[in-house]
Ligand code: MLT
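So this first bit is one chain, no partners, the form predicted on its own, shown in structure tokens.
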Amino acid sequence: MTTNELGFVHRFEPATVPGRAPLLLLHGTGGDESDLIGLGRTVAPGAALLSPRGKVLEGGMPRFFRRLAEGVFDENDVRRRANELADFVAAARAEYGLAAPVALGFSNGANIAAATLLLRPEALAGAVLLRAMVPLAEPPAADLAGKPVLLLSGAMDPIVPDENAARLAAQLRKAGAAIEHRVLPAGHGLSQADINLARQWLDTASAVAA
């Protein structure tokens, strides 16, 4: 089901297996609300899927926040959009009767997920961050209190420098997240290893949540 209610154009698929954490699917630049549905079904079979479309357009391509150049973010917009996304999650939880979701974000979607964790920790139960980079140079003090986070980076990623991904992992760890950071032999695109690791990690995260 695709709808323009609750503040975002989004798709929602109800759970078919009880006890799995819902997934909040957050696409990369140029994606939409359908982009990660197949990935969500693969890595978390039977989980409820909530997939919004980013509201910012860059050359006609949807994103979740503005950037000033490649890798240079409009941090004021990052803050505003992360709060907007957290409000959407709260509204969707009430509308669809969901537990707090685990974000599954790729690239720009992973960046807004990381920002949401740091700015509105209550919105998410955890996150799988695929090719994420630091969204806020100096994030506010946050209490992530053991929230599980899987950060998967690419050793040959031309967009996200190794140092940047490591800095994001350090930010999240400092805030209290239970973070696992893996660097895979891949570029910016996703590999089968990403899919396998995300599925294994989500199986464990769902078991813990249950």
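In case it trips you up, residue 1 is the first one in the sequence shown, and so on. Fair warning: this is a prediction, and the values are worked out from it, not measured in the lab.
We do not show the form predicted together with the ligand, though everything after this point is about it.
K.L.:
Name the stretch: of 137-145, 46-54, 170-178, 65-73, exactly one has residues whose heavy atoms fall within 4.5 Å of the ligand in the model of the complex.
P.N.:
Only one stretch qualifies here: 65-73.
K.L.:
Identify, from the list L124, A82, M133, A92, the residue with a heavy atom within 4.5 Å of the ligand in the model of the complex.
P.N.:
Only one option qualifies, and that one is M133.
K.L.:
With the cut-off set at 4.5 Å between non-hydrogen atoms, does T29 touch the ligand in the model of the complex?
P.N.:
Contact check for T29: yes, within 4.5 Å of the ligand in the model of the complex.
K.L.:
My question is simply whether M156 lines the interface with the ligand in the model of the complex - judged by any non-hydrogen atom within 4.5 Å.
P.N.:
No - in the model of the complex, heavy atoms of M156 and the ligand never come within 4.5 Å of each other.
K.L.:
Does the 4.5 Å heavy atom contact test between N108 and the ligand in the model of the complex come out positive?
P.N.:
Yes, contact at 4.5 Å.
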